[in-house]
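Next up: a single chain in structure tokens, the form predicted alone.
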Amino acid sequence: MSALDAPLIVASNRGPVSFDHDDRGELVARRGSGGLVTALVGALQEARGVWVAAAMSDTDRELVAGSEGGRVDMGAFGSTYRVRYLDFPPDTYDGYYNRISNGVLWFAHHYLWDTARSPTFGQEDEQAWADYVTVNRAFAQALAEEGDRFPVPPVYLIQDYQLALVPRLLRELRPTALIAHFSHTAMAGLTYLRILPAKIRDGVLRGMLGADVLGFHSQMWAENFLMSARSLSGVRVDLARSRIATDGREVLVRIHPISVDVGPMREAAASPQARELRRELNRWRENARLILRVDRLELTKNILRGFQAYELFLRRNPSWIGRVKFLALLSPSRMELPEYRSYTEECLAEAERINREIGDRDWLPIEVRVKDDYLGAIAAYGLYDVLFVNPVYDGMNLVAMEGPLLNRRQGVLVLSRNAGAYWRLGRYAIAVNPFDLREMADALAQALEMPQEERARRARGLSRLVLSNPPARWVRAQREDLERVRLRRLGRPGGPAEPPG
């Protein structure tokens, strides 16, 4: 059966829905937002497939305890796919998720360590790595079991760095399976990966090479993986064709940038609640121009330097004092990690300092709002004059896509060259080095002073690019890659195409 028509099994750390009890004690399911969930759930619905994920909440764990193998038929909630939850002991999950996935792999892929002081690996990290292997092995076993429940072989789409070992572990269980793994984060280069203990570094790289297709959002991250794979014994890398030969198989490395789901965002933006929030924001901004950032309070997002670049812009362009406001909508993130708590405090303190030194009782340069506020972000997208997206490194960055789709003022996008989105949107953005305060300050000035005709041209270009790449295309592209692999195994024409430029 073609990989385009085969049953579909998805694996990710977090599932597509969260369960809770309503006021009457009835179980309700709330679907997650974002392009990933939209794209994959749509494909799962069509294929009547399965999504395997870790149980995240007490309600999830209740479902696992009260079901066969943690399986939940979403038919009771109006859907045609199934979810299977895997429940892990808290200590095991903590080692896998907090210590290795977030505390090691996330830091490595985003170049976050202060290498003069950290990291230092020891016995606790060895135990946490064992937990990571345990969880990944459980995912692989569950995927194999779910695959056996279909009358024909399925295709597997495995998501992200938390499950980097699953492709190889699943390959050991089902050698002929069609497996794709997609990395939604940045991918560190080999020099930085060498910070990791060899067991972790090689385990991650060889684990991913268990897939038939490896997907990335940007050419930057695909090239980093290809160069890193060259360091492994028994692995041959064809850089020109983005292919890797290993264990008698060929692995395709492909670039498939994900997009955003336009419909729900525009529906939310048209709601009475969003209209009222826009009115409130307009009253707050008065006649000032608006610089907006929408971010998680995440080390990679470069919030601190963003504030400092804005301060430099004001000091170098004092005519803008009182005529521009910076609205930072920040969502708490990973507050269980001390580095994140400390970074949050630094960001808030820096905004307060800038307000104290440059502002006055009638005008404050920066307004920081810390809370999860999806509708507030949707409303603010409609009003910005400049959208400031300056991550140090980012796998993609969907804010850079969401803003231009909803903006009503032909706002300008200032975008880090190290965001995966730059590879797709850079020609219509003002590109910046996220470490260079002067360059970012100059970009803010350029954006605010840009002629209207140029603003309109860039805004149209951004919107067209995002709309031309709907989320469903992202899933289909991966299934087409797997179909090329299947045909190549059969010795038929239509084998792997050349990678995109």
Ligand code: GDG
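Because the structure is a prediction, the values reported are computed rather than measured. One-based numbering along the sequence shown.
The following text describes the form predicted together with this ligand, which does not appear among the structures shown.
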Just one of 273 to 281, 247 to 255, 141 to 149, 395 to 403 has heavy atoms within 4.5 Å of this ligand in the model of the complex; which? 395 to 403
I'd like to know whether residue 345 contacts this ligand in the model of the complex, with contact meaning heavy atoms within 4.5 angstroms. no
Should residue 294 be counted as a contact of this ligand in the model of the complex, where contact means heavy atoms within 4.5 Å? yes
If you check in the model of the complex, is residue 373 within 4.5 Å of this ligand, heavy atoms only? yes
Would residue 377 show up as a contact with this ligand in the model of the complex if we use heavy atoms at 4.5 Å? yes
Between the options 331, 219, 92, 98, which residue brings a heavy atom to within 4.5 Å of this ligand in the model of the complex? 331
Selected contact from 307, 85, 381, 81, since only one has a non-hydrogen atom within 4.5 angstroms of this ligand in the model of the complex: 381
Quick one: in the model of the complex, does every one of 109, 181 and 225 get a heavy atom within 4.5 Å of this ligand? no
